[in-house]
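Form predicted on its own, single chain, as structure tokens, below.
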């Protein structure tokens, strides 16, 4: 064969911006000038920022999304390789500390348009109703200023927009079903089913996961090759780069990539007037805006607000409560690995495609509050090798021998709720980055409730692995999914933002990302982050110009604007039976 079946490979064409093998952004992107005052500047175009920029642009606002990383052209920039995916992660300098320091980077922070949704595993369980009133129910943590009923319509909407594949009936939390059919089981999913079934533990199979189980629009279905967390070149996995940003550009938004926001400017009237940022060459700019939304996630959002300290906000912008940067949370994410006699080939499926939430809620018999989930995970060989180093201290020839056994191993991940503690926090280090900005210092400590929960969750996950038929079981201690640092709440004395993400201290400054979570549950946070972003967008749209010219705070619940969803991304699937 002299050339490929579909013709010779094309050279990279800068006039075509590809966000999937079949998806491209056709329209030229609108460009605003620094001296133009736009309606909204959104700092960070990740899971939340991608939804916000799309909704606000489609509603007719002038919007600029400023992103520190690249605006990915997936066909040109991405490779199906673990090492080659390094640039998807936030690898800028940070300092970690505390008694139980966090590992930061690939596991929990993204950089580039789409943010962490580009390299997430796309598991999309909802929070439970109990998660919104943890303090009331269990006397620990904090209550949210919203309840499950407030966010449920947005869960349903985003599950259709991504869309999410899952079972027809999901029994935990608020029982519900999914419009798109579940994925077939891979070897690691079958192992979880076998282990849970042997112990009479209910298990959900085939999702919920925001990966296409069948082709949808111009996105092909999953081909089960396991590169989900390296950036899906197939285009089957949902990320805001694929699901929302193209429509944002089409409807008039600008995505200003490779631009590092350094400070939010506050005017003499106490309202924000725009953001200072550096371009890729280090040149300083100022973008004027009528309102600013910070969507930089759990570390960079508090860091930016601290960098924006000024007269009247000496301890950080929007920090009159003293809680900015505090109550940072990571979920316990220990990985339990089991070797089986027969091949498992855990890469032959989405890494996350089966789980149980049977142990999610507080059980009075336990010596800890709250609970955990058990999920499938499917590390590729490099990640597996790191796990073998951590779990078995394998090295040299011993590590090579373990790597040759890769296809015989299955991995389960526990996802445990670590409570919000005042001493787990983000502050500013004396170290500086390449722009001369002080880098984040992240301090993290486990408390007795957390340690007891992790011990029990690890034991239960190991029991499931043994029950599945593993002949050898080991585990790696780790964390996952950062949230918190700018918690939402009703009381301005104990929180940073209100229930719509508006900062208590500055009327036209909003925060919308995982940093606003008061608690985190034992569910992956991605779906909740996007649902909150859609809800905040509906609020901003309903308030209209009042956001720009009034300090009055209308707390009325907005209506759900389904018509502002990206066209052709929702409305299909199995109809719901009322």
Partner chain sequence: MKRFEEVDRALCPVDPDTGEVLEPRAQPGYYAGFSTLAQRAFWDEATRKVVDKRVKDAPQRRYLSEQAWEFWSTVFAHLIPQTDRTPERQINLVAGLDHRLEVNETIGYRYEDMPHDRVVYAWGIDAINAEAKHRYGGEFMVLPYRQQDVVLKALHDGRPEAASDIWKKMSVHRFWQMIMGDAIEAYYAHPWAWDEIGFGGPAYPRAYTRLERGEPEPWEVEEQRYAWAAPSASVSDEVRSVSGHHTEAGQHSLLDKGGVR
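These figures come from a predicted structure and were not determined experimentally. Residue numbers count along the first chain shown, from 1.
What follows is about the form predicted in complex with its partner chain, which we do not show.
- In the predicted bound form, its partner chain lies within 4.5 Å of some heavy atom of residue 404.
- For the chain shown alone, residue 143 is not a contact residue for its partner chain in the predicted bound form, no non-hydrogen atom being within 4.5 angstroms.
- Interface membership of residue 396, defined by any non-hydrogen atom within 4.5 Å of its partner chain in the predicted bound form, is confirmed.
- Contact check for residue 372: no non-hydrogen atom falls within 4.5 Å of its partner chain in the predicted bound form.
- A single residue from the set 260, 428, 446, 437 has any heavy atom within 4.5 angstroms of its partner chain in the predicted bound form; that residue is 446.
- This chain appears without its partner; in the predicted bound form, the one residue of 498, 463, 247, 265 with a heavy atom within 4.5 Å of its partner chain is 463.
- The stretch in contact with its partner chain in the predicted bound form, judged by heavy atoms within 4.5 Å, is 94-102, chosen from 239-247, 310-318, 276-284, 94-102.
- Contact annotation for 223-239: residues with any non-hydrogen atom within 4.5 angstroms of its partner chain in the predicted bound form are 223, 224, 225, 227, 229, 233, 234, listed in sequence order.
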